[in-house]
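First comes one chain, alone, set out as structure tokens in the form predicted on its own.
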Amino acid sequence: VLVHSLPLGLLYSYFHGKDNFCSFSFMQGSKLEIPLWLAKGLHDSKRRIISVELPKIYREAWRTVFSADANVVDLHKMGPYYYGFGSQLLNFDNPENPEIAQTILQTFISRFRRIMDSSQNAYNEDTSALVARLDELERALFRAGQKGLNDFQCWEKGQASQITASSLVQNYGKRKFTDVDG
């Protein structure tokens, strides 16, 4: 996260040894990249310690690209946690938050069908080129789709294990019988 710092004074970047500190002083208006967790901790709508600058992939120019065709974007290259990081950015007071949220949602919707279709139609094929362009959430969805396809293929070939009732169904049946007996 790129932040514009307001008077931060001294920020101790790390502790090295027993009494050795390395300290940096930032002037008002300084720009620096810090982890999201730290930006969330320093961001306070009342004190205005920092202001957060949106990463380029969440800005208006990229939102236009996503609205035109989200499937052409290599999300992994732009940021492997596009959806998760974008949703965390919504915690900061930014006038563009509604547009960012809408873009994230529409991007997911438009890419979801292609991801699931690809996972279901790529049995025993090399999918590394497709998966390389996916966000980590999309990769998990793709793997879940592939697992479902592989499990189905095994079932069709008679290689599946014995089907058993879920514990919820078993417990429901036991509860039904105890209700009737009582």
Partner chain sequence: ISRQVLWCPSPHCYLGPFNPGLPVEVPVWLAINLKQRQKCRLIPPEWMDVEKLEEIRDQERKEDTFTPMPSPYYMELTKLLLNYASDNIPKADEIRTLVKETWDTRLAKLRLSADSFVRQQEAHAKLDNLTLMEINTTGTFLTQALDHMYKLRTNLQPSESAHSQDF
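Quick caveat, the model's predicted, so the values are computed rather than measured. Residue numbers count along the first chain shown, from 1.
As for the form predicted together with its partner chain, it is not shown, yet the points below apply to it.
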Exercise. Quick one: is Ala140 in contact with its partner chain in the predicted complex, heavy atoms, 4.5 Å cut-off?
Worked result: yes
Problem set entry | Interface membership of Leu134, its partner chain in the predicted complex, 4.5 Å heavy atom rule | no
Exercise. For Trp62, is any heavy atom within 4.5 Å of its partner chain in the predicted complex, or not?
Worked result: no
Exercise. At the 4.5 Å heavy atom threshold, is Gln120 in contact with its partner chain in the predicted complex?
Worked result: yes
For this session: State yes only if every one of Ala70, Thr127 and Leu130 has a non-hydrogen atom within 4.5 Å of its partner chain in the predicted complex; otherwise state no.
Result: no
Seminar exercise, completed: The one option of Leu42, Leu54, Leu32, Ala144 with any heavy atom within 4.5 Å of its partner chain in the predicted complex is Ala144
Seminar exercise, completed: Contacts from 62-89 to its partner chain in the predicted complex (any heavy atom within 4.5 Å), listed N to C, are Tyr83, Gly84, Ser87, Gln88
